[in-house]
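Single chain ahead, by itself, as structure tokens, in the form predicted on its own.
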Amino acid sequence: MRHADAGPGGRPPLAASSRSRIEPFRAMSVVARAGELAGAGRDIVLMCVGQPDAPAPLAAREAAARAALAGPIGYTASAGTPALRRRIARHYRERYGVEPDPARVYVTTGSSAGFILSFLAAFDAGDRVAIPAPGYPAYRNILRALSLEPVEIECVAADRWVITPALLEAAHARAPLAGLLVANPNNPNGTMLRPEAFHALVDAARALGIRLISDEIYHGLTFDMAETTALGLDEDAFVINSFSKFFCMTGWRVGWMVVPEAMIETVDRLQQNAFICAPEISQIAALAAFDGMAELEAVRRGYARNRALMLARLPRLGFGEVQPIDGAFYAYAEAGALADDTARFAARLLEEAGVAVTPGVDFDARRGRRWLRFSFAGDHGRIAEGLDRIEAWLGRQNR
């Protein structure tokens, strides 16, 4: 039996499992400290968390309100309500020209549950799964918590900061990979694989027998490049998406996944036991959210305006390379000329200037100390205010 150090009365407490010894998601620590400062009366500009500040579409909010007033909110079928699953399938036809059987669509408790379900369904303990670096930290932390081995593939500027077939093949040659997780657009940088590059990567993974999981949560939020879904390119791929980002529904905790036909029963068993179902009221709202596309496109145009501001201002503030912002609502900027350790830099910026940003070590354990992530999902005026504060703070440091 494992024990930690002795607790009260000299009796050693039981230790946490080795699987639970994962890194924190530091962005949430920044959010927590920013909340403390705001609660003490400080005005804090939040540029740290990937959360739209726009509400869910009006139709979604009204549908949820009607449902709450009409009667009980309860469990649904584990895979989700038939109406929402059919509407998601139709969404693929409308947006991409490929329509899955609604039986393959599973409504999940945010995309996070989709990752857990896909990892459990597709991989055995000890399997190696490739992920991008920089990349979303929850990928490697969830993999480790499930006794899987994340294999971070370091992306580089020469490849536009994306995983290439050559990088994948090299990682597989060092030790066989069971899976590849790709986000397109990616977090923390918003960088995308061009359509032909995405096709080539999917083909390479399939040829090597590597299961693909395609994170498409930022689809709908692109600027100068077309999105490509893995659906239709690889019948064995898992496709993960959510209502959190494009649909502005982070707090509703509702996402979806399109699973391979051969995995329907497997995912059904896992969903029933791990999560039962996604919240019914959130599913009701999500179905109605598809009627709010005009509102959501207006929000996307606001992000485009914020993106232009970031691209113009960050270099003038002394930041180096900004990785390509093809989509999403993040700027990932090199800060080596300004700081040796962006974690300390971000902490001081929050305390002294009232601007919350995320240090890059969250997203790239080896190289992230030279990078910062800025979220521009907020109001344009507040984003400009935050950049003004950073400029004034940097000016004071250089006196």
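Numbers follow the displayed sequence, beginning with 1. As the structure is a prediction and not an experimental result, all values here were calculated from the model.
What follows is about the form predicted together with a small molecule, which we do not show.
The stretch among 202-210, 71-79, 107-115, 286-294 whose residues place heavy atoms within 4.5 Å of the small molecule in the model of the complex is 107-115. This chain lacks the partner; the member of Phe247, Tyr303, Tyr136, Phe238 within 4.5 angstroms of the small molecule in the model of the complex by a non-hydrogen atom is Tyr136. The listed set Ile217, Val267, Ile88, Ile163 contains one residue whose heavy atoms approach the small molecule in the model of the complex to within 4.5 Å, identified as Ile217. Looking at the small molecule in the model of the complex, residues Arg307, Phe345 and Thr358 place no heavy atom within 4.5 Å of it.
For the chain shown alone, Ser242 is a contact residue for the small molecule in the model of the complex, at least one non-hydrogen atom being within 4.5 angstroms. Residue contact check for Tyr330: one or more of its heavy atoms lie within 4.5 Å of the small molecule in the model of the complex. Under a 4.5 angstroms non-hydrogen atom cutoff, the small molecule in the model of the complex lacks Ser282 among its neighbouring residues.
When the small molecule is considered in the model of the complex, Arg253 lines it closely, a heavy atom lying within 4.5 Å.
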